[in-house]
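Single chain ahead, written as structure tokens, the form predicted alone.
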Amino acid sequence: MVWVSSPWKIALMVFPAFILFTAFFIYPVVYAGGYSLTDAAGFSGAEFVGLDNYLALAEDSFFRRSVTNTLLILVLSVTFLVPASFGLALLMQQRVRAAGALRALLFGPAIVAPILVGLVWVFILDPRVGLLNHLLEPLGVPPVQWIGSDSLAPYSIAVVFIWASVGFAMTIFYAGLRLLPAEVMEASSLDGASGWQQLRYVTIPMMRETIGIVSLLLITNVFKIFELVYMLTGGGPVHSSETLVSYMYFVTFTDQRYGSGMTIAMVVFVIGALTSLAYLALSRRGRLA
């Protein structure tokens, strides 16, 4: 009797999960993919155009600029955020006075809505009323267009993103460091290993999977940047600070080219899926090695 009823119990457990997975994952992807093959715009009818929207992206200079900006933010974030957050996590492991308050202070930006983070930094980086230019003025530095120029705006967005994300990454690293077996660390100390040697040959190798998780989360978060761009620059001047998601928003909802907007959405989805698959493959290879 138990053997007969088990498949039904399993089906009753799996079926709701399958429905939710289909409704919240498969259907939106299929729907967006279908729209990306049409010339849907506004409330007019949509006609099938095949891969024309994808071919048009290759000739869209604003799309290419959004890809460049996204990759720029990604490179800067991986280069600076991962080492900085890992270093802060190591610092938090030491007996630092008011370490709990410092951890809360660093983690604070991670729990603030990105739209509010962007609003705060507008009052810091604005060329006319921003705090940073006012602080530099007594030093004889002329007003700098931190978020008003096509050359500095992407870097400013990267700085704000790093500031807002460092506490989150630090918390993950800190949790990983706390889970390291104390016996291994004590054994390395008894063997005469210095602090640098412990870090290089013991801590970092044992934290490899955690570093991979943080890097994956960082990459996916970079490809989702929208609110910071919306508040800081609005994508300007002349779309020079757009990221992939912010440009998708402009094309879809401002320009009302739904077919083209869904094409960009599919590109972002494919990039995210490939990144996740690459990480899973590398982590599996690392475990098997």
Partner chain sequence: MPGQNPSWSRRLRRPVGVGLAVTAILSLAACSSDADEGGKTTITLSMQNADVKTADPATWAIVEAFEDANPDVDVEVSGQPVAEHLQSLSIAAQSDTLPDVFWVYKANAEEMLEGDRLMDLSPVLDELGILDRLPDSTVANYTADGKVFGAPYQGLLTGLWVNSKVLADNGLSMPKTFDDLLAVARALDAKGVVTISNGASQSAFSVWQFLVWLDRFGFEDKADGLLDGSEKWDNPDFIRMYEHIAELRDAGAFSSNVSTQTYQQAVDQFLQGKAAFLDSGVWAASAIQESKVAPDVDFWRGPEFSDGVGEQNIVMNVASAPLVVAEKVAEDDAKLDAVKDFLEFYYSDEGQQILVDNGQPPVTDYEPKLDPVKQSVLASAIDEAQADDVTSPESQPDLLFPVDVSNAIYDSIYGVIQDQLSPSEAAALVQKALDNQ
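Numbering follows the first chain given and starts at 1. Since the model is a prediction, treat every value here as computed from it, not as a measurement.
What follows is about the form predicted together with its partner chain, which we do not show.
- Message: Just checking whether Pro127 would be counted as a contact of its partner chain in the model of the complex - the rule being heavy atoms within 4.5 angstroms.
- Response: Yes - in the model of the complex, heavy atoms of Pro127 and its partner chain come within 4.5 Å of each other.
- Non-hydrogen atom contact Ile147 with its partner chain in the model of the complex at 4.5 angstroms: Answer yes; at least one heavy atom of Ile147 falls within 4.5 Å of its partner chain in the model of the complex.
- Message: Within 4.5 Å, heavy atoms only: does Leu51 come near its partner chain in the model of the complex?
- Response: No.
- Could you confirm whether Glu47 comes within 4.5 Å of its partner chain in the model of the complex, counting heavy atoms only? So Glu47 does not count as contacting its partner chain.
- Query: Does any residue in 196 to 215 get within 4.5 Å of its partner chain in the model of the complex, counting heavy atoms only, and if so which ones?
  - Reply: The stretch does not touch the partner at all.
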